[in-house]
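Just the one chain here, the form predicted on its own, laid out as structure tokens.
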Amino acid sequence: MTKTQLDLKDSNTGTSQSTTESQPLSSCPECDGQIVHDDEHGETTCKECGLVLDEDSIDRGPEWRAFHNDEKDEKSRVGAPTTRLMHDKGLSTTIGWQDKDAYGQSISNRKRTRLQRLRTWDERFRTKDAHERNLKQALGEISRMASALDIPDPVRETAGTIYRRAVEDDLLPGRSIEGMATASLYAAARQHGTPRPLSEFAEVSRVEKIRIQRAYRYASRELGLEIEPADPLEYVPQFASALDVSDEAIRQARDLLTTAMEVGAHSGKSPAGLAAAAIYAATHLTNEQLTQETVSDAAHVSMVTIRNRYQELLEVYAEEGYA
């Protein structure tokens, strides 16, 4: 027995009018019993008399299950999330470059020509003014450099936000787009506590290192970026990973840097240079014997800097009674 509608008899015309219940029932209309919802079978029934009040209900939830947020994002099919790494935040249409249909088969020449025209007009409409063309070029540069340096997504998003602020504050006139984009990525890496030597950014950038330095100083001053001085200890994990040194050497390098920082011997010196020198000194103390050239290539620090700094670190370590 199913009761989904109430039929009302019209006394004048003798016809039946059907009115759908707009409000869900709180109790059974027959026995005033408790109403229960069976999601597995899609039915709404009375717990006391078994009256079926609704059947074949629509399941508006997903057909998949997720046990954590990352899995939920992967299975969701509502489209890509908005991102600060695209000038239109990812809300535009993207036409694929392959001239194939949904079944993977090649399309005819006529359709191929039409598709090429659609790509051309889509590209024109995506950037309607100089402001958007500027953002598109710069954010593309940020994504390219971040991929080359294997920088995580949160850092890339922050870099995109910094560059957008620079454009909104009219800091670009007189400066190159590539230089400001590289400076934004360098600043974002430092803000997230994962700094890289500036020379690494210069290697993948299209501008010289001095121009990146100038753009970084200018942007940090004008935008009021709160960036603390880099900690030499933050460079140790990436250098150690690149050189594949032992855990014992990593601990020894941390001890050398911690001792030098306690007495203020790190003041005014390059954090990356100190970290590279600490790794070099630690490998000699643990008999791994890495050469200065090997450490220099991995850390992008000159051998002269490593040679001078590692001697200073060993002297401070000996003075403090650890040697």
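This one's a predicted model, so the numbers in the text were calculated from it and none came from an experiment. One-based numbering along the sequence shown.
We do not show the form predicted together with the DNA, though everything after this point is about it.
In the predicted bound form, at least one heavy atom of Tyr186 sits within 4.5 Å of a heavy atom of the DNA.
The closest non-hydrogen atom of Lys47 lies beyond 4.5 Å of the DNA in the predicted bound form. Put simply, Gly179 is far from the DNA in the predicted bound form: not one heavy atom of it is within 4.5 Å. Using a 4.5 angstroms threshold between heavy atoms, Lys269 counts as touching the DNA in the predicted bound form. Site residues Thr194, Asp247 and Arg254 are none of them in contact with the DNA in the predicted bound form, judged by any heavy atom within 4.5 Å. Residue in contact with the DNA in the predicted bound form (any heavy atom within 4.5 Å), chosen from Gln98, Ser199, Ser147, Ser241: Ser199.
Residue in contact with the DNA in the predicted bound form (any heavy atom within 4.5 Å), chosen from Arg119, Arg112, Arg217, Arg133: Arg217. Figure note: of the listed segments 206-214, 153-161, 100-108, 233-241, the one touching the DNA in the predicted bound form, with heavy atoms no more than 4.5 Å away, is 206-214. If you take 299-313 and check each residue for a heavy atom within 4.5 Å of the DNA in the predicted bound form, you get His300, Val301, Ser302, Val304, Thr305, Arg307, Arg309, Tyr310, Gln311, in sequence order.
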